[in-house]
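Only one chain is shown below, in structure tokens, and it's the form predicted alone.
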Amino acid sequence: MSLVEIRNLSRRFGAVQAVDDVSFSFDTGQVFGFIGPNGAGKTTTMRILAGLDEPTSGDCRIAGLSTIDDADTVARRIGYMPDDFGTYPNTTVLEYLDFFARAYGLRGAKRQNALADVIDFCQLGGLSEKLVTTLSKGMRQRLGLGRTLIHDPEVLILDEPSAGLDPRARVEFRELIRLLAKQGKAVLISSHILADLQEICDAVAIIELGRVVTTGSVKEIKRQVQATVAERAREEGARAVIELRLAAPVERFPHILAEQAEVGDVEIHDTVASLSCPADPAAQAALLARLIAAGLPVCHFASRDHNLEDLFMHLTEGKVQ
């Protein structure tokens, strides 16, 4: 049994089926990505898991405990960081964190140790006396993460934590997420910045129109998509973009590429060429064999690898509710 289990979860708002029979699970030490367009049901699912909303049907379980039937017990094991969290005027960083530490019932030395640990982990040490309203976006996100961690939860639910951050802040935030997973936290994270999720996630679920389209590791989903693409290529005569690398400048062998009738859109950059050819793997293998037989010193021949953004675009249709 995984630490976190979402079982046949559904949530209806009037005529809108926001979440429709969603199921997935993740475990201690894992970062699980939750991907989908706006309105797909991500935030509703995360709010139900965090105990802030009730499902129409289905359940969420943390270590076997229901977020509905055992809500008070489960709440202590969860840290939820919404995509937009409130800040308070005339409140310093230390006062803000201390308020939430007290709200979770931390007292005396335990509270002081928790504050010190969170400030150190989120690198807020030099900002303790600064007003929250004066912080940069990146520092506010660190503060939000600190608030989420203050009671040392086992499960972290992070809704769009990298939204609006500059590239350096995003990289630094990713490092914090990796460290939390190494410390044994189970992390559920949603983001529209798919490159970030590809860097840190052990597995992902892609959701559209309230339903999970697919779930698994990025490698597993990539294999599924590539198999589907290859099958369609054989059936439809689709074309692919190939990166060709040689042991010598491509310009020395222009006639070899020109003689291949199925090759088009050739772009040459020293020892690397980009070209289009049939997407059918068998046709590509035959082309490669002819190129080598003609004397082309090939050291790399491959279609561009699918990243998480490619997979998302392939598996979803952009529909909203």
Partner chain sequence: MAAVNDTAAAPAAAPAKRPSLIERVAGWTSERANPIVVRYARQQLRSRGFIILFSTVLGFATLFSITVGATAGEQGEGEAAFTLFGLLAAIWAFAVWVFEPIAAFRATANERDEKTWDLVRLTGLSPGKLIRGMFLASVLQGLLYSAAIAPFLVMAYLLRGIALEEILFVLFLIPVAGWCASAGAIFLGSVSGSKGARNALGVLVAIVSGFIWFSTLTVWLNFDFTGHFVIGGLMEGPGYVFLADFAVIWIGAMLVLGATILRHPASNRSTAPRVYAWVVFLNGVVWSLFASEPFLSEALVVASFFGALAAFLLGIFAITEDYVITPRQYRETRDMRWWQLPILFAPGAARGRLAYLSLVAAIAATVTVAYFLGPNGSRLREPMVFTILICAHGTLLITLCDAAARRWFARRLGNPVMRRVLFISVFASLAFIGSVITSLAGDRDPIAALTPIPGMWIIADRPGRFDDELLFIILAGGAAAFVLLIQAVRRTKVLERTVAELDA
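Every value quoted in this text rests on a predicted model; they were computed, and no experiment measured them. Numbering follows the first chain given and starts at 1.
Heads up, the form predicted together with its partner chain isn't pictured, but that's what we're talking about next.
In summary, among the residues 107, 178, 168, 219, the only one with a non-hydrogen atom within 4.5 Å of its partner chain in the model of the complex is 107.
With the partner omitted here, the residue from 223, 102, 182, 137 that has a non-hydrogen atom within 4.5 angstroms of its partner chain in the model of the complex is 102. Its partner chain in the model of the complex is approached by residue 53, whose closest heavy atom lies within 4.5 angstroms of it. Among residues of the shown chain, residue 116 is not one whose heavy atoms approach its partner chain to within 4.5 Å in the model of the complex. At a distance threshold of 4.5 angstroms between non-hydrogen atoms, residue 92 is in contact with its partner chain in the model of the complex. Mapping the unseen interface onto this chain, residue 240 falls outside it, with no heavy atom inside 4.5 Å of its partner chain in the model of the complex. Here the chain stands by itself, but in the model of the complex one stretch of 256-264, 32-40, 284-292, 61-69, 61-69, has heavy atoms within 4.5 Å of its partner chain. Along 161-180, not one residue places a heavy atom within 4.5 Å of its partner chain in the model of the complex.
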